[in-house]
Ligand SMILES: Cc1cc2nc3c(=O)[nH]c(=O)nc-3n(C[C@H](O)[C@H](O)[C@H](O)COP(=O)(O)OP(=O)(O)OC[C@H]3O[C@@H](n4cnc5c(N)ncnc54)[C@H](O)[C@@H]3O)c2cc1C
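Listed next as structure tokens is one chain, alone, in the form predicted on its own.
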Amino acid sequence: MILVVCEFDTKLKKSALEVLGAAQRLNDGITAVLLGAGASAVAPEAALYADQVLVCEDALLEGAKNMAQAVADLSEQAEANLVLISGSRGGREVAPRVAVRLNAPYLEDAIALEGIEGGLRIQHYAYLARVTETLEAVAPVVVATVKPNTQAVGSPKANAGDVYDVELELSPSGVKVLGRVVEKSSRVALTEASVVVTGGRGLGAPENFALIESLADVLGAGVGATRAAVDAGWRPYGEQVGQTGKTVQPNAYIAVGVSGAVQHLSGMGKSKNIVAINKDAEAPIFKVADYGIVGDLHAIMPALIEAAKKLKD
């Protein structure tokens, strides 16, 4: 049995659908877990991808400590031999704690998963995504995170699984959430976008990100930024792409004024099509780009935006 911890807001997040897809391809029974406020409303959707869904909205499910306890307890109840969690920021907080509680091996950021006798084999990126490593864990229970944007989403089943409300014995964790600040945007979420337009320090000034936003709006794309642009205060951290930001793997990645440091490439280098716009013909970004434009972005971007508008019309 595979226990899949599903992330959600008003519906299952793409990360949850990707982990469910990875679980389906392992061809084993699937128990989906929904933890936290609003879980019951999402349960019917999760039931389309799993054999059963376990739901808990306990008010004590705040913080990684109690989330990990809940996942570990449900794993034991379901007699799971594999626990899969998205390698999102929240998932990376919870998964190691689950592994410790279950005394289980922990495999991180899987990009490919394969069941083996008594365990799991995965592949993941190493050395800033320059190397792909193969790891194996053989144990009664294995905990693994799945790297976002590397898996095909799951397929709905003909017959929905059963949904069960569960009660857990949780204690106050000592962590109290005083409030949440949610970034609201009309644009598609960066990690779920099929097209991403990213700007770097080569834009010259924060107000020039208007060019990035304009192109993104025309293309229905997500907006990204390099660490240099974020560190300079030009863009919020939530838009940062790279080793210390988000990992994206869209169908098209448009890098504007981005030099292409290895830390940035590790977060977007596996995009299907990469377009680079930079005045420096020797910029490292051109080594990974499928299409490159060398020139002044302030002249190129307005023309590109207009061309995109005409194609859209």
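Don't overthink the numbering: it's just position in the shown sequence, from 1. Heads up, when I say rigid core I mean the largest set of C-alphas that superpose within 1.5 Å between the two forms. Worth saying up front: this structure is predicted, and the values here are computed from it rather than measured.
FYI, the form predicted in complex with the ligand isn't displayed, but the following is about it.
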(request) Sort through L61, A261, A47, V288 and report the residue having a heavy atom within 4.5 Å of the ligand in the predicted bound form. (result) A261
(request) Just give me the single entry in A137, A228, A112, L168 that has a non-hydrogen atom within 4.5 angstroms of the ligand in the predicted bound form. (result) A228
(message) With the distance limit set at 4.5 angstroms and only heavy atoms considered, check whether G200, Q240 and G295 all reach the ligand in the predicted bound form.
(response) yes
(message) Which is the contacting stretch out of 64 to 72, 39 to 47, 26 to 34, 261 to 269, given heavy atoms within 4.5 Å of the ligand in the predicted bound form?
(response) 261 to 269
(message) I'd like to know if T244 sits close to the ligand in the predicted bound form, meaning any non-hydrogen atom pair within 4.5 angstroms.
(response) yes
(message) Given that the ligand is not shown alongside this chain, does A283 nevertheless sit within 4.5 Å of it in the predicted bound form, heavy atom to heavy atom?
(response) yes
(request) Look at K279 and decide if its Cα position differs by 2 Å or more between the shown form and the other one after superposing on the rigid core. (result) yes
(message) Taking the rigid core as the reference frame, tell me whether V262 has a CA displacement of 2 angstroms or more between the shown form and the other one.
(response) yes
(request) Superpose on the rigid core, then tell me if the C-alpha of H298 is displaced by 2 angstroms or more between the shown form and the other one. (result) yes
